[in-house]
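Next comes just one chain, in structure tokens: the form predicted on its own.
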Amino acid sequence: MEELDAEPPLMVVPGADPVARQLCFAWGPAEVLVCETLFGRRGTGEGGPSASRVFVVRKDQDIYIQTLRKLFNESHGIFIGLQRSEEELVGKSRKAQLVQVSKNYRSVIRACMEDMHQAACKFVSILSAMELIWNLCEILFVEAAAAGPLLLRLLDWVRLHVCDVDNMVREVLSSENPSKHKLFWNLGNTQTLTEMELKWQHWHEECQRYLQDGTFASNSHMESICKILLGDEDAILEKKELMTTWYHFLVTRLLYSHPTVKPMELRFYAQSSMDLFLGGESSPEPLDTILMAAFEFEMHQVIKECSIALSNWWFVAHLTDLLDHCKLLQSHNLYFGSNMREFLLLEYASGLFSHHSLWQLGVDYFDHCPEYGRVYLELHIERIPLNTEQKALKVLRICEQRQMHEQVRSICKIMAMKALRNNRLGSALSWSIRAKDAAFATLISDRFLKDYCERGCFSDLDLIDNLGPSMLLSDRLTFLGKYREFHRLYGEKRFSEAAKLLLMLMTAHIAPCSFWMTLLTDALPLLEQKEVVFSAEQTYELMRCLEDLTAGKSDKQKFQVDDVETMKVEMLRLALARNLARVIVKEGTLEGS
């Protein structure tokens, strides 16, 4: 039967009073929005409406700490390198590679600790505990040291994380009379406890003889050292204040009583060492529980306890990923879908996405979650605030690289709408084309045409002149591009081509009805050219278009037509009639000749 988790600790939101005021909340991807309702609880005397407050409770607050940014950024590179590493490596080569990766992670933790020491940051102790746990997991799980080398690794582990022998040596040697220094014998005991290797057998025989002979009876310090070398637990416990922790006591005890301890025997020595060291005076701390689980080779328990004790997902996500590459977690799948590695990576990456810049790291973590990573990325990337066009382009590039077509369209629509609200028509049209949104492109094209009617010229000519095949996205956009082409031909005095294009725009019915009068008005300069531009057939077409325009208006619309509009119609009829007469004369002359 699965072990039930303990009740989660109560989180107090400063300023919120659930006793006096009813609270409501909404879950977000990485935070919870808590707000007070307008009414107080019954019996509190606060029945009337009053001002409410809103609280944002973040799940991964650590990602906002500036000093931890180095940890997240540097470890990201190590993580990606591990995913891309040569899987063909097997045996010792693969193990050496994974051990090196583990050491790289620890070096990043230590570098962050040094930075925090300088900044006097409170997270130094947390990072120190993280490295302590990681180093032990590296020895027991990644490197999987065998009997003999195992104790040497544990000695190095204790020396690195617990002992401060070097400082004691410097202090004693720098004194005027080292042998009289108060730490002299403590230093001897400490070095004996941590730095002697596997020559203990010879010492054991020698010390046993000296102790039985009473050789050191006159010197209590030497006698104490002799007992320690024999592995006397009582003598070792007398120096308890020099060891500070039960796992220091464990390694010391193993060194002098069982230096060839096998990995699977560690659990028994670890439990008894903790019981002897604590002696019922205090209960184990969370760190003790985690280390004990590691000594018992309960990897999943280590991950579980770390998830509860640590304030963010960085540690468990990266450690689990490393153990998964060591093929140690293959058989453990979670009942709700993905395996433990993917679940923890998804949680860690989701936290990164709540940060204004670290979200870019989260993308790569989602990429390496084969089952649910794509879905999580799609959901989170839609929630990124697109504050600037540069950021939008960055998000868009990520989506395009992963063929996330729906998200690409969504981002482009959002940016197009923002540009349109700011009256940046060129940018809005560019985004709508990129989104392949025909309806929005039609709307913006209408705005361009309206702007042209009011100002008499186009804005963003470079964009319109270089629409290319994109103009086929919608009829209105096609009309905009072709109408701009008409103006370009007219400006280059290519009147015959301009006339054909203008007539095509009228007869193809892709121009909005409200723009027909503008097109007919554009034909006036061509009708008045010295050389005949429109043929008789083209002139008849223009006449038909003009009559359709005037006949299609209701009586009310005709009544509202101003004098300027009436004058334009009359001028067009006159120009068309004159052009028709000129064409007939010209065509008749050509036929007669």
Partner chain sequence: MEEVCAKFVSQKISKTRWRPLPAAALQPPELFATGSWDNEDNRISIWSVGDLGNVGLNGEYQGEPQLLCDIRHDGDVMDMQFLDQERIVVASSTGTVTVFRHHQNNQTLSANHQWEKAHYHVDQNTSCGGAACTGVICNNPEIVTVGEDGRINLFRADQKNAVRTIDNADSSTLHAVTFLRTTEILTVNSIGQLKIWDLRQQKNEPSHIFSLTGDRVPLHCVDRHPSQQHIVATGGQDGMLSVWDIRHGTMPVSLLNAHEAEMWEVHFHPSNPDHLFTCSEDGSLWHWDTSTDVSEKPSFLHQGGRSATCFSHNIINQSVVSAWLSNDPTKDRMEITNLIPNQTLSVNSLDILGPCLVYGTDAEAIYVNRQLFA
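Positions refer to the first chain, counted from 1. We call the rigid core whatever largest set of C-alpha positions still superposes within 1.5 Å between the two forms. Bear in mind that the values here come from a model prediction, so they are computed numbers and not experimental data.
From this point on, the text means the form predicted in complex with the partner chain, which you will not see here.
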Exercise: F141 in contact with the partner chain in the model of the complex, heavy atom 4.5 Å = no
Heavy atoms within 4.5 Å of the partner chain in the model of the complex: does S474 have any?
-> no
Can D462 be called a contact residue for the partner chain in the model of the complex at 4.5 Å between heavy atoms?
-> yes
Spell out, yes or no, whether the shortest heavy atom distance between L425 and the partner chain in the model of the complex is within 4.5 Å.
-> yes
Only one of 141-149, 382-390, 478-486, 299-307 gets a heavy atom within 4.5 Å of the partner chain in the model of the complex; which is it?
-> 382-390
Q403, S283, Q100, S357 - the one with a heavy atom within 4.5 Å of the partner chain in the model of the complex | S357
Check each of V261, A511, L361, V408 and return the one that places a heavy atom within 4.5 angstroms of the partner chain in the model of the complex.
-> L361
Complete contact of R69, H76 and K394 with the partner chain in the model of the complex (any heavy atom, 4.5 Å) | yes
Counting only heavy atoms, which residues in 459-498 are within 4.5 Å of the partner chain in the model of the complex?
-> D460, D462, L463, N466, L467, G468, P469
With both forms fit on the core, is the shift of the CA atom of L322 between this form and the one not shown 2 Å or larger?
-> no
With the core lined up, does the C-alpha of M264 move 2 Å or more between this form and the one not shown?
-> no
Take the rigid core as the frame of reference and indicate whether the C-alpha of L472 shifts by 2 Å or more between this form and the one not shown.
-> yes
